[in-house]
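What follows is one chain in structure tokens, specifically the form predicted alone.
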């Protein structure tokens, strides 16, 4: 764990509100993206992302500093997402958002830097459509596969970090990730 993270944890343990704001500012986008990919619904993702930070602030004293702070934060996020998925499944309320933002995200990622070439509208639309298909396919994966695909292929975490987050052995993560990617490929091929 870095010196900056140790200092932040110390301040959080002292209930420093500024430290809490720093934690949120530094990690909110990635936590939200993780919860959105896991839950597939913007409103639920926002609720769970807020819950993650509240949970971390309340339980910071239980953080053993054996892993990076971000790893622990992701573990809390994944666990809360799993709980929310189970809750929603019990309530039969698993209507997935079609991710209106996927079109915006794909279009904004296709926007060229100032002075660069202007992207072609057909390519921006194609990118948005592929993003939508990919998100729909991810949302249909089993929970254990979805977690691994999101953490590795979307959040770009290392296998070691994923092992720490999921509490799974290295070999299990690799084999499940392989099966998840095969399932995802099959689903994407079906959509396309």
Partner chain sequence: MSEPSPSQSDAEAEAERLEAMMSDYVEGTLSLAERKQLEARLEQDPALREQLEEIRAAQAALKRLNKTPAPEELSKNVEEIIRRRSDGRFFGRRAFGDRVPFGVILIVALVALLALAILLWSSSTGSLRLERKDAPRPSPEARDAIPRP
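Numbering follows the first chain given and starts at 1. Just so you know, these numbers come straight off a predicted model, no measurement behind them.
What comes next is about the form predicted in complex with the partner chain, which is not displayed.
Residue contact check for residue 36: one or more of its heavy atoms lie within 4.5 Å of the partner chain in the model of the complex. Residue 147 falls outside the set of residues with a heavy atom inside 4.5 Å of the partner chain in the model of the complex. The partner chain is not drawn, but in the model of the complex it has a heavy atom within 4.5 Å of residue 49. At a distance threshold of 4.5 angstroms between non-hydrogen atoms, residue 189 is in contact with the partner chain in the model of the complex.
For the candidate set 143, 29, 66, 160, a heavy atom within 4.5 Å of the partner chain in the model of the complex is found for exactly one residue, namely 29. Counting a residue when any of its non-hydrogen atoms is within 4.5 Å of the partner chain in the model of the complex, the hits in 45-62 run 46, 49, 50, 51, 53, 54, 57, 58, 61.
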